[in-house]
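Read the single chain below, which is given as structure tokens and is the form predicted alone.
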């Protein structure tokens, strides 16, 4: 069976740490979507490591790691990541596999991303400008370059054809992007990619599953950024919910087992887009400072607000989450009261359903307040040590979401993860 781990908010939920922890009981960790806009942060032997493309099981020596067909890969970002990880993990290359069918981000994809975003002006969607959207557009437009193409004798011809198409598109924009400076490092990185273990991933996975191996599928970004069900158009370019596992790895729905969903104890968002519980006041600033809320990939300060249980229940429903994991619970130690949105007033009407179009609706969160903890959860080393008021809060969340909380993360350390009984 394939278990799934994904974020339930707008990304940055702490997926990297959780995958690193759960990887101890899996044989294979497989990324099924997204690109180098992902930033999964791990702390390994006191070193902060941010993974953008490589699966987060890489520091578990027994784990094989697969970059699936649903991922879009920037060869330069991947090679830089490999070089940073190798000193900490010499066995990396022997345990890293890449799908033939994963698509490649080219320098002109990045140029199109930058030019398009600049042209939007005040209407920009908050792209990370890494070429991900244009790469997925070429994928669905049947023009893209795939990893398997780099092994073809006519790769250069395919690359030039795609580049020339992009150059024609760039002429419609007033903005000039110096993509030429990116081309030489790109071609060098492509040459290095040819030495990686490139596989027919759907067969590779099927063989391992038939041999009884345990697989954990790792998502990037968050459920509320899903191209179909997120806060469109302020979304990413792939399916970030559990359904994306099947198309992003080439596996049947009957193979899916447990679905782990991760949420922070509060909400954050980077870039533009609707955010019903965002706090523009001192409390929001305090959340940002306490949680060190700055993007692992972009460094951008994150927008912060109280936890949104309406949006969270929507995400839980979409992916059939069976086990909930709450991260950064320790950040809430200093807040009293702690608030949670339990309904919305949408154009004056109360609802617990997440609206179709949150961009053009007047939404006011309806909050329920909870007493702050009488003991810092950061100091707890087991469920029994957790303050009762915190346990009561967790019970409320479970009842509201109709999903069991399996773990609570109460610090950045790899061992700061409490199983909830």
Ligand code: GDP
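Positions refer to the first chain, counted from 1. All of these numbers come straight from a predicted model, not from anything done at the bench.
Below, we turn to the form predicted in complex with guanosine-5'-diphosphate (GDP), even though it does not appear here.
- The stretch from 351 to 359, 22 to 30, 37 to 45, 57 to 65 that comes within 4.5 Å of guanosine-5'-diphosphate (GDP) in the predicted complex, counting heavy atoms only, is 37 to 45.
- Proximity of residue 302 to guanosine-5'-diphosphate (GDP) in the predicted complex: non-hydrogen atoms within 4.5 Å are present.
- At the 4.5 Å threshold, heavy atoms of residue 331 reach guanosine-5'-diphosphate (GDP) in the predicted complex.
- In the predicted complex, guanosine-5'-diphosphate (GDP) lies farther than 4.5 Å from every heavy atom of residue 315.
- The closest non-hydrogen atom of residue 327 lies within 4.5 Å of guanosine-5'-diphosphate (GDP) in the predicted complex.
- With contact defined as any non-hydrogen atom lying within 4.5 angstroms of guanosine-5'-diphosphate (GDP) in the predicted complex, the contacting residues in 15 to 40 are 15, 16, 17, 39, 40, given in sequence order.
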